[in-house]
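Quick setup: one chain, the form predicted on its own, written in structure tokens, and binding and motion questions come after.
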Amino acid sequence: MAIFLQLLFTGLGIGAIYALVALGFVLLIRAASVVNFAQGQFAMVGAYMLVVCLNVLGLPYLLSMAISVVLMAVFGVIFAGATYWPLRHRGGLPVIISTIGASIFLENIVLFLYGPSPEVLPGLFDSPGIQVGQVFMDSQYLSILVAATLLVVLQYFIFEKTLLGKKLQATSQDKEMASLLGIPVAAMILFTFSYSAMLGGIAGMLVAPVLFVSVGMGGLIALKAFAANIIGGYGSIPGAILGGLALGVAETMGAAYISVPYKDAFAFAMLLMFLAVRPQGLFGEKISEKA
């Protein structure tokens, strides 16, 4: 039982990263009706921004994270202007292809600047962690879970309790009607891109001390986050959170009890199972068409 609880804690920590990136997917799906396949590269760019602030500029850790988050917010707006805005009236497919091209471009730019060698970052806290009963709670995994929880609560407060949240929801439901009601639709979409870039960047910064910071780190995170989005229910915010946590636990348990080399396969096996049994996901609704 002690080993199981230890693995559960670790799986939830990894799953929280997938959940944050999956939330970025969901926000853009709901606001702009597009899938941003560069969402994982947001995590990679955020992690490398933290590397620059810490290792190159020598800034304190928390200040480095704060600067990196602000830069990611600006980066999200620039990304929207380059990939979404010129193609916004041409349907979803051109924008999706544009984001795929942008993800390849970002990886190659970082590869040119830093090379293929991974970067190592220290943890946020000096303490290795705390012991709770027979479970050792690693400080970095604990910080991931706390940060993810705070971000989810903040997102709920923004969307449900503020005027900005109401405008964002109206934009996601019907852009034309929202525009007729005086809501600045363009500003809402740009804010969503900016916020999704921040979420991806924070996910990359949080996981950076656990994994090596490398050019390819964002690709696998994005695939699993998108799988979490499908498992939870396409476009569902609660589904993205629960799907991400479930994937993290599934791959951790599979690696511990079955096979470490195939740990990534367990997440996608879970996705295939849901597609076969419940294709609409946990929180999705069945959609049927009348002949």
Partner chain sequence: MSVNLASARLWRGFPQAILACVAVVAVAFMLPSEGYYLNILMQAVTYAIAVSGLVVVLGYCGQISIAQAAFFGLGAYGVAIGMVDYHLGFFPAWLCGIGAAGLLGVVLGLGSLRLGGHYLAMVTISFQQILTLFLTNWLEFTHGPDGIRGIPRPRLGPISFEGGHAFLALCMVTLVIVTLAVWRLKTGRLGRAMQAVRDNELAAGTCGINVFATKVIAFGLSAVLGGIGGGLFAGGFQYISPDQFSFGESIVLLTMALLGGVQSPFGSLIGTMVLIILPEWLRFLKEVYLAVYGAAVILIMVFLPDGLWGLMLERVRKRAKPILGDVPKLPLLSQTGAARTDFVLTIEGLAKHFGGLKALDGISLAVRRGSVHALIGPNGSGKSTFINVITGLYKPTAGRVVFAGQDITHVPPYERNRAGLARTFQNIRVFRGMTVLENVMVGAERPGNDVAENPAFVVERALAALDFVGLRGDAHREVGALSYGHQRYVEIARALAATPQMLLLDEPAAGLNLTEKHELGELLKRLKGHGLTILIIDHDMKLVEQVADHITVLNFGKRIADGMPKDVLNHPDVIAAYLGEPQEAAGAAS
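Just so we're clear, the structure is a prediction, and the values are computed from it rather than from any experiment. Numbering follows the first chain given and starts at 1.
One more form of this protein, predicted in complex with its partner chain, exists but is not displayed; see below.
Residue Pro86 is the only one of Pro122, Pro128, Pro86, Pro118 with a heavy atom lying within 4.5 Å of its partner chain in the model of the complex. The candidate spot formed by Phe4, Pro209 and Gly254 is out of contact with its partner chain in the model of the complex: none of the three has a heavy atom within 4.5 Å. In the model of the complex, at least one heavy atom of Val35 sits within 4.5 Å of a heavy atom of its partner chain. Interface membership of Leu12, defined by any non-hydrogen atom within 4.5 Å of its partner chain in the model of the complex, is ruled out. Residue contact with its partner chain in the model of the complex: Asn108 places a heavy atom within 4.5 Å of it. Contact annotation for Ala265: at least one heavy atom lies within 4.5 Å of its partner chain in the model of the complex. Here the chain stands by itself, but in the model of the complex one stretch of 195-203, 97-105, 69-77, 131-139, 97-105, has heavy atoms within 4.5 Å of its partner chain.
Of all the residues from 223-260, those having a non-hydrogen atom no more than 4.5 Å from its partner chain in the model of the complex are Leu223, Phe226, Ile230, Tyr234.
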